[in-house]
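In structure tokens, one chain follows: the form predicted on its own.
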């Protein structure tokens, strides 16, 4: 992979990781983030790899882990952080908060924390694009739990009947490192022996991929997007990752502190709770090692990118904290009578 491309993918993944880590620190204040929130740590390769294949006008719909998808699509970290902490300069003026960061100007018109809530809306935009012959595609991200919802089956069915240009991108973060390259995923909460067999039952072209490998994700999604622009679709992807230990429990935490990029080479340094995850499942450290191994990036270049991203996120957070809260007098704006 060319050096510029390798560096761009690394920078975009690091931008998500450093933003999410910063949010954990901001939440320690107890007044800035006052309710439950979710992070995209450990799934950066999935979002960045997929969004790197999209154009600005292509549409993305996302979930309760939306911060990563918004940044992966080209969103401004400052406006994401400002939205999460309820400030006027956030993407929705501080009205949406952590679960509903949407950025229509970059092709993310809606975000929903309701399980499966974005699927039918995403299908509607794909239908509109097909009618208009716009050459635009829709990608809808969702977790494996959505496959237990009725709306999933309704949307899948109509998308296949109408041959919509939509990619159903299921992020399964509940598999072990050994299971990631497998053909399908077993589950204890679904009657199907493998989740990937469900869309195949509808006749939908289905791909199972290792969601921790950013280059593999980018290549696979790029090929599917090209087919959708030629009039094919829908498609289904199961992206398999291993859940980051800090995402267990009611609130995210940073076991062992912020990710140290040098853990890519010194695998014994992280605390025991996260040591094996960083060694085997961290998409950023996996890509860091691959970039050095292939000669695409040197260690010094990798460290420089990380330092620059850290500085960028620190400035974004400072600007978000300086942004004022919404004016109470505007409380009834954007509402319907």
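Just so it is clear, the model here is predicted, and its values are computed rather than measured. Numbering follows the first chain given and starts at 1.
There is also a form predicted in complex with a small molecule; it is not shown, and the following applies to it.
Trainee: If contact means a heavy atom within 4.5 Å, which one of 26-34, 307-315, 58-66, 284-292 is the stretch that engages the small molecule in the predicted bound form?
Mentor: Flagged stretch: 58-66.
Trainee: Is the gap between residue 216 and the small molecule in the predicted bound form 4.5 Å or less for some heavy atom pair?
Mentor: Residue 216 lies outside the contact set for the small molecule.
Trainee: With the partner left out of view, is residue 243 within 4.5 angstroms of the small molecule in the predicted bound form by any non-hydrogen atom?
Mentor: Heavy-atom contact with the small molecule at 4.5 Å: present for residue 243.
Trainee: Consider residue 114 of the chain shown here, and say whether it contacts the small molecule in the predicted bound form, taking contact as heavy atoms within 4.5 Å.
Mentor: Taking the distances in the predicted bound form, the answer for residue 114 is yes, it comes within 4.5 Å of the small molecule.
Trainee: Are any of the heavy atoms in residue 120 no more than 4.5 Å from a heavy atom of the small molecule in the predicted bound form?
Mentor: Residue-level check for residue 120: no, no contact with the small molecule.
Trainee: Quick one: of 76, 89, 210, 149, which gets a non-hydrogen atom within 4.5 angstroms of the small molecule in the predicted bound form?
Mentor: Of the listed residues, the single hit is 149.
Trainee: Let me know the one among 143, 109, 252, 94 whose heavy atoms come within 4.5 Å of the small molecule in the predicted bound form, would you?
Mentor: Result of the distance check: 143.
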